[in-house]
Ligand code: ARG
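Here you get one chain, nothing else, as structure tokens; it is the form predicted on its own.
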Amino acid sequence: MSRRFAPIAATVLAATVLSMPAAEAAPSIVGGEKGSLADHPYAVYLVDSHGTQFCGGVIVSRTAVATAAHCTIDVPPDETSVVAGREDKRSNDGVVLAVTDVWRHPDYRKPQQGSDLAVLTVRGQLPYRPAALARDASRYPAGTKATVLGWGRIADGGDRSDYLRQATVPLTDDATCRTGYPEYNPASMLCAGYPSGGTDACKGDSGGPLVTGATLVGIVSYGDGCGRPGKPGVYTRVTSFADDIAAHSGLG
């Protein structure tokens, strides 16, 4: 059974999200299309000391980026940088800022147990608009269309994307998510995807944003493969952690 949570490349294909550092990463956006930082300026990716992209992230303040906790396990903070404002990984656009501090949720153990959240503090300023934080879960019922973004694989077992990709997926109800993942905990997790699969986040997309408009509702966490029927992507539920994100990103 293929799981998506190992930290490194990100491409948006289907609705499954994970990452992996340096070795082989979780898949990226499957079933999606090329994305635009003009529409989503808060989407960023993480690189190691060799410049290898291993996870995604989302700007939440001028000095902080939210990502998945599992993206902070294998690559030390002093070997991690945030790349912002760069749609094409082969270009020199945007900025590359070193990470100076990492806050990882104290309850995190592994993605399937929830609390898969970290906040990275960067050296300098991120000159791009942050995403707003979702706080009222009732505003995002099952069926709400959301956009997942990343630079991970474009297919389960496929190549990583050089460009930012995006895909639209509906939020699923808790019963559907629990059918696909018996360990699912609605207190800290959120699922998104189509019953027939085909569209999902994939390896390398871990830590990236799931948004409605410019509001962050989820952070790519894990999944069983990428875009498989009955296996929606699992995300960290931002409404459950908005206060933590704000407290550790200088928002008060």
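All residue numbers are counted from 1 along the displayed sequence. Only a predicted model underlies this, so the values are computations on that prediction, with no experimental measurement involved.
Missing here is the form predicted together with the ligand; even so, the following discussion is about that form.
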Partner absent here, but in the predicted complex, which of 182-190, 205-213, 57-65, 37-45 has residues with a heavy atom within 4.5 Å of the ligand?
205-213
Using heavy atoms and a 4.5 Å limit, would one call G197 a contact residue for the ligand in the predicted complex?
no
Heavy atom within 4.5 Å of the ligand in the predicted complex: which residues of 201-227 qualify?
A201, C202, K203, G204, D205, S206, V220, S221, Y222, G223, G225, C226
